[in-house]
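Take a look at this single chain, the form predicted alone, given in structure tokens.
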Amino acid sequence: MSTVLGLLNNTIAFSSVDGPGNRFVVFLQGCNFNCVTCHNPYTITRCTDCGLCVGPCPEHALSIEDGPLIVLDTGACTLCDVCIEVCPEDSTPLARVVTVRDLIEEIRAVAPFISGITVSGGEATQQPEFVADLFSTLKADPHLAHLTTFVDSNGAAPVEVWKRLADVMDGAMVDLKALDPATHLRLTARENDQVLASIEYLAQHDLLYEVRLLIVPGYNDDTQTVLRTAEWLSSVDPSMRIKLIGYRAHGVRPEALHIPEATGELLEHLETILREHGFDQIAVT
């Protein structure tokens, strides 16, 4: 089994919102976007071992050892999130280094009750070798090979990453934050050329499960923006599955709390635009 290591934020044994069916979800630490609307900003950067979280920990579950490195006592930790709240980097000392074998054993315990595995983040494509080795191991195991393998991605990965994953990945869900490059830069602090190229490549190779459109009022919610987005997506694949996601303030950083949440009426209007362009596989959340 592979010796490639992954930096893991967390896992969820059962999820019905991270791809088709009931899925085991792997959240990797680290993201190449810095989204204004991120609901899990502590998954973006890696812990710098600065030690500022050690003192405030109410359970004394954190300590500094030679290196210096933050060490976590998992038995003492109650997941109170104080360390995340005081972190100057919006990170977490709770992320852990794991092997593929570690995750395989977790997955094996719930395999009879799930339909597949989704690797998310952070950003899954920031650790492509780990994802590829995890999926390859699943496919090679006769007791786990029936599980589908999906990636939940922001799409900002070179095509070479998708080529690396193509033989062991059953599908990808890709976020399109904004078709307009300037708007995308405002929302994510990154350009969207790789995102658009990823959507095109995955669609061409029948690996695009769905495109997810996060609707953020004041950024990408106006009719003309959605019209242009619908036209572009239709040019890629007029039969693609689309998920419309309304922005919600829960979990975002304080500087994003002024952004109004997307209303049901707004999402219904935008769904109508997409359906008028021929899309009939639309989920709204």
Partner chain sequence: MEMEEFVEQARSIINDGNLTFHQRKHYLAALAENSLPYPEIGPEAAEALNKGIVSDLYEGHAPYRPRYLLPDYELALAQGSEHLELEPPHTIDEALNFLLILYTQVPSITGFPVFLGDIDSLLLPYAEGVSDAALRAKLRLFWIALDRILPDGFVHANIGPQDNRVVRAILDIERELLQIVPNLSLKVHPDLTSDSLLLDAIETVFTTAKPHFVNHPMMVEDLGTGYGIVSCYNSLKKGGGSHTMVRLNLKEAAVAHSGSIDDFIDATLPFYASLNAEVMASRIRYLVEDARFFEHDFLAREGLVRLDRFSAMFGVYGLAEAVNILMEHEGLDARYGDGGAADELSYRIIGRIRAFVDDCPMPYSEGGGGRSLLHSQSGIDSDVNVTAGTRIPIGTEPETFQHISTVTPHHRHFDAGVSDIFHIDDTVRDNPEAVVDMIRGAFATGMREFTFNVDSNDFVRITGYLVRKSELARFQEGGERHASTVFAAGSVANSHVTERTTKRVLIREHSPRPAQ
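Remember, predicted model here, so these are calculated numbers, not experimental data. Numbering follows the first chain given and starts at 1.
One more form of this protein should be noted, the form predicted together with the partner chain, which is absent from this view; the next part is about it.
- Proximity to the partner chain in the predicted complex, defined as a heavy atom within 4.5 Å, singles out one entry of Cys77, Leu144, Ala197, Ala109, which is Ala109.
- A heavy atom within 4.5 Å of the partner chain in the predicted complex is found for one listed residue only; from Ala95, Leu207, Ile215, Ile114, this is Ile114.
- Proximity of Thr272 to the partner chain in the predicted complex falls outside the 4.5 Å heavy atom cutoff.
- Although the partner is absent here, Thr263 is not a contact residue: none of its heavy atoms lies within 4.5 angstroms of the partner chain in the predicted complex.
- Residues of 9-40 placing a heavy atom within 4.5 Å of the partner chain in the predicted complex, in sequence order: Ala13, Phe14, Ser16, Val17, Gly19, Pro20, Gly21, Asn22.
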